[in-house]
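Take a look at this one chain, the form predicted alone, written out in structure tokens.
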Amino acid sequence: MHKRFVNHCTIELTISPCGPILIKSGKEGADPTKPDMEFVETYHQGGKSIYLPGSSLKGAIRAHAERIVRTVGSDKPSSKGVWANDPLNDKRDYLSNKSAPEIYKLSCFTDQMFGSTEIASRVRIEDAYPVNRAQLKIEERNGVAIDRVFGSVAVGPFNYQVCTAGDFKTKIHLKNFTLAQLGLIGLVLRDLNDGWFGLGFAKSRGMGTVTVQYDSATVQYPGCVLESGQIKAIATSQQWPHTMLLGAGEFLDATEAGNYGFPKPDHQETPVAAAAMPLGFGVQLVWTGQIQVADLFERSVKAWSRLLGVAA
């Protein structure tokens, strides 16, 4: 099934530091005038700039998604499918000699989204680059490590670079997603904005907190067309109203959806009307701005709640 492309969601975000944030470059240069720990840098739009690597964002988002799933689900295989494994100790023996549909179905909820050594990730997060490099505020701070026994300085002093202001834009992509998976992404972004977890270095010391601004969200059905106010699947002639948010299970027959464990039905009415994708082929729904994207997540979280068996 995952060799097909039934739905895709792109969420555009702006991330802004609430205080000092540092994503370390991981190497020390020979220049003695530079701090001991530098922000990761790259060339972007004609100049050198700090940025937030997509891998760092994905790691933080995945870790918090796993916390949520373990909190409301389980850390062991569950009949509801809402569980997150221990990535350090799970050897995934239960996936050996299984077919592709069985591997997806038996994988934990977060592995189905973010991937594992057995299945590919359906979530892709782009590097976050500054909107305007001139608005970035880069500071240098000093610190020491205190010996817990003697109370004296154990390591240091050392200095490190932090970013305290500026805006970074990024995109999150979900491929062949269920509405519950989209709802979980919404919950993670809500918690990131609320400061429940942070990004980068020294989070336990209050660094790494950010705000998250939703810019837009686009859900696309590349195998569909708009006909007489209906979203119509070209391959199967299935039809839905033009304001319908559709999970991957909607595009599969009952047998195939059951083999992969996709919920079916998996749809949600929205106030957004579908339009044709660029070049006039495919269908897309676009949510613009903080209020509309938050509404998309709120509707998706209803599917997440139904999966858990609580009132949506």
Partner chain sequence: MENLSPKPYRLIPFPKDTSGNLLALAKARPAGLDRYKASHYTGKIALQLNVHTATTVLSGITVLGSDIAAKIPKDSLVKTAISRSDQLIIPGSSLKGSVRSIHEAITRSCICKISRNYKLNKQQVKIKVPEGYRECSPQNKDIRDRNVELCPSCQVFGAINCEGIVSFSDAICTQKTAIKFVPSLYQPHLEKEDYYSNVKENVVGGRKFYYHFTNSIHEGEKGINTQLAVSESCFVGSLQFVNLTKAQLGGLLVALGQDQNHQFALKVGTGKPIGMGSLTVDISEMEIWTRSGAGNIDNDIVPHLRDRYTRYTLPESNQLTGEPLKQFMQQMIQAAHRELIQEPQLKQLAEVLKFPTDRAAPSGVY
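The structure displayed is predicted, hence computed values, not measured ones. Residue numbers count along the first chain shown, from 1.
The form predicted together with the partner chain exists for this protein as well; it is not shown, and the discussion that follows is about that form.
Contact of residue 106 with the partner chain in the predicted complex (heavy atom, 4.5 Å): So residue 106 does not count as contacting the partner chain.
4.5 angstroms heavy atom contact with the partner chain in the predicted complex for residue 133: No, residue 133 sits far enough from the partner chain in the predicted complex that none of its heavy atoms falls within 4.5 Å.
Non-hydrogen atom contact residue 175 with the partner chain in the predicted complex at 4.5 angstroms: Residue 175: no contact with the partner chain in the predicted complex.
Heavy atom of residue 301 within 4.5 Å of the partner chain in the predicted complex: Looking in the predicted complex, residue contacts with the partner chain include residue 301, since a heavy atom lies within 4.5 Å.
Site test, 72, 155 and 191 vs the partner chain in the predicted complex, non-hydrogen atom cutoff 4.5 Å: Looking in the predicted complex, the three residues 72, 155 and 191 all sit within 4.5 Å of the partner chain (heavy atoms).
The single option of 80, 124, 203, 98 touching the partner chain in the predicted complex, heavy atom within 4.5 Å: In short, 203.
Selected contact from 223, 186, 166, 115, since only one has a non-hydrogen atom within 4.5 angstroms of the partner chain in the predicted complex: By the 4.5 Å criterion, the partner-contacting residue is 186.
Stretch in contact, per heavy atom within 4.5 angstroms of the partner chain in the predicted complex, of 226-234, 192-200, 167-175, 124-132: One stretch meets the cut-off, namely 192-200.
Residues from 100-138 in contact with the partner chain (non-hydrogen atom within 4.5 Å) in the predicted complex: Residue within 4.5 Å: 137, and no other.
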